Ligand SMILES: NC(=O)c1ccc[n+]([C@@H]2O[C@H](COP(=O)([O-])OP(=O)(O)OC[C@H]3O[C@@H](n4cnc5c(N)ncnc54)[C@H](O)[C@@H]3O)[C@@H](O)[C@H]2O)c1
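Encoded as structure tokens, the following chain is the form predicted on its own, with no partner shown.
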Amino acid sequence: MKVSIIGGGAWGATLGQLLIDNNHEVLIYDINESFVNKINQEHIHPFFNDALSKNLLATKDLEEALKFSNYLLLAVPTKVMRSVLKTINQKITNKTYFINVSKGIEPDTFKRVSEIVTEEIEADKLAGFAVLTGPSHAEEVIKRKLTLLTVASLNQSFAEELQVIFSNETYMRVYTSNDLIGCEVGGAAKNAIAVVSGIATGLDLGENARAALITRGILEIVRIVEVYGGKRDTAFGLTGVGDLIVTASSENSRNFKAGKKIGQGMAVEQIFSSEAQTIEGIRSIYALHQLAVSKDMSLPIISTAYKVIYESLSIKDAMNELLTRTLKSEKIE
């Protein structure tokens, strides 16, 4: 089958190669001429310089990509998702399937990508929506290292169709889920915790502290999933704990690396300007803290990280806030 990928960055280009490996036709759309040239002319990954198939094609023409297929894989940052979808809605005429692979919550609105899609794509143009997510460093997938993902949709047959499209017998296995909310939210929340884990590492707090933050962070992911209406069990699966494990202590994780730089004293603005790839976790910390305030939720790790990043709270005072909280028993609730 044919798939158009909107966004040819680290993950978009990698998934394009995966689909080519699975004998599908792919056209990647990106506004970055350098990315397009690397894919079309040099046949190398825009970020990792791994070889790409000559059958993987790219374009700077959005209309060409939209005409190529009515299956659109969305691999753009959450912050620009709404504006991209507005443009797509103006240009498509046929019913279109949307597959989101970005992990984030829209700041200020706290909305998931599925909600943004239903708001921006007219109902008579929307054939279906799914999210493909899970523990996956693009750097490893492009090298065809074993990876397990989850595809979630309210339409079970659509999820099963995508499961077959993205799975292969050599390095990619995909599970299905009907908990769209839990899978979307888990991916965004774990990015926030990964940033905090990086901050702890940058501060050289030690392995004990990092393990504690990750473990207590799982509790916050559970709370976030449940307040959105997702299932608790999903938070303990590939899209929650699984994704957290792979991002909370790895130098391949842009969120972990960004947090590490914050812990070492680098300003957030400098991190954003020096990093070519999207850092969803920092924006997720902002969005989830605002959500916690609006819903009167207890997210001590994320909210303390918000104060450090956005309110210039010192690390010493942040540690004091966390350590002087009322002592309690350990419960997952």
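Computed from a prediction, not measured in an experiment: that's the story for all the values here. The numbering used is simple: start at 1 and walk along the sequence shown.
Below, we refer to the form predicted in complex with the ligand, which is not included among the displayed structures.
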Taking heavy atoms only, is F35 within 4.5 angstroms of the ligand in the model of the complex? yes
Might V174 be said to contact the ligand in the model of the complex, defining contact as any heavy atom within 4.5 Å? no
Considering non-hydrogen atoms and a 4.5 Å limit, does the ligand approach C183 in the model of the complex? no
In the model of the complex, does A209 come within 4.5 Å of the ligand, counting heavy atoms only? no
From the list A159, V101, I121, L238, which entry has a heavy atom within 4.5 Å of the ligand in the model of the complex? V101
Identify which of R82, K231, H137, R144 has a heavy atom within 4.5 Å of the ligand in the model of the complex; exactly one of them does. H137
Residue stretch of 223-231, 74-82, 200-208, 121-129 approaching the ligand in the model of the complex, non-hydrogen atom distance within 4.5 Å: 74-82
For the heavy atom contacts within 4.5 Å of the ligand in the model of the complex, list the residues of 286-315 involved, in sequence order. none
